[in-house]
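Only one chain is shown below, in structure tokens, and it's the form predicted alone.
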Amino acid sequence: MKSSTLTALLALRSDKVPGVLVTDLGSGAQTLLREDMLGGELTLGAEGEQAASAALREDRSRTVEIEGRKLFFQVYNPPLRLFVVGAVHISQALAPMAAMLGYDVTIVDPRQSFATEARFPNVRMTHDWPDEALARFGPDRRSAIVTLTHDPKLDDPALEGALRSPAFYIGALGSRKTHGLRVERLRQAGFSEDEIGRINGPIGLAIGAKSPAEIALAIMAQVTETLRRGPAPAADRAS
């Protein structure tokens, strides 16, 4: 590996940016793909870039033969993280479910009577105010943020912090009426329609969920869909 490639790779990992190192197994030439930016001495072409994007999306390194060349796509993705604002009943089902799917989970709730070890064993918790917690933990492109309190005093600061971050998923619990009021508050706070449109609200896939566990399942299904396929058009997001 050339020193310039190693330096770029170390910078990618330090910045917690997803990337894939592509190596031609025949010649040893390499290219580093970082957020649609190519570097190095290897020309991928459209098929190679598609294979690199698929490897990143699927979190799986692989060898692909393209036009007679064997290319190894080595994925360097930051860890998946889930920030849950609100130590509520849904969160008690959501935290272990997300952990099983490979997420590093943090419960954010300044209400110390809600966020307790007894209710959330072996889960990281913080009693910081949501915007302060997000600023401290620094959500990145491999982070998902959900707000579940139904309390604008907690959810709104969290959403404002989330919208200022590159988190790949943002979701907020509440009815369409509740979400409409939330959207208006965010407009008044200075956020654009495109920015507000990043929020999945009402949260979760439309599977008819009723119980806290079912709602948690709907949330993680939507988080997974967004991670693997990208955000759905706003008009297609269901309650």
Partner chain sequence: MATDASVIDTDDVLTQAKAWRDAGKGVALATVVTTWGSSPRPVGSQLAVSDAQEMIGSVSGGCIEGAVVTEAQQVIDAGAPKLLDFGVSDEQAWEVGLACGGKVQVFVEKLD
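Note that this is a predicted model, so its numbers are computed, not measured. Whichever C-alpha set is largest while still superposing within 1.5 Å between the two forms counts as the rigid core. Numbering follows the first chain given and starts at 1.
A second form of this protein, the form predicted together with its partner chain, is not displayed here; the remarks below concern that form.
Looking at its partner chain in the predicted complex, residues Thr7, Lys70 and Met100 each place a heavy atom within 4.5 Å of it. For Gly28, a non-hydrogen atom is located within 4.5 Å of its partner chain in the predicted complex, even though that partner is not displayed. The closest non-hydrogen atom of Pro166 lies beyond 4.5 Å of its partner chain in the predicted complex. Put simply, Val123 is close to its partner chain in the predicted complex: some heavy atom of it is within 4.5 Å. Pro96 belongs to the set of residues with a heavy atom inside 4.5 Å of its partner chain in the predicted complex. In terms of contact with its partner chain in the predicted complex, the residue from Thr63, Gln188, Ser192, Thr43 that brings a heavy atom within 4.5 Å is Thr63. Distance criterion of 4.5 Å from any heavy atom to its partner chain in the predicted complex singles out Tyr76 from the list Phe137, Trp129, Phe114, Tyr76. With the partner omitted here, the stretch from 153-161, 100-108, 129-137, 82-90 that lies within 4.5 Å of its partner chain by heavy atoms in the predicted complex is 100-108. Taking 2 Å as the criterion, Phe114 does not count as shifted between this form and the one not shown: its C-alpha moves by less than this amount when the rigid core is aligned. With a cut-off of 2 Å and the rigid core superposed, Val183 has a Cα displacement that falls short of the cut-off between this form and the one not shown.
In the predicted complex, the Cα atoms of Leu12 and Thr226 sit 3 Å or more farther from each other than they do here. Three angstroms is the minimum change: in the predicted complex, the CA atoms of Asp104 and Ser14 sit closer than in this structure, by 3 Å or more.
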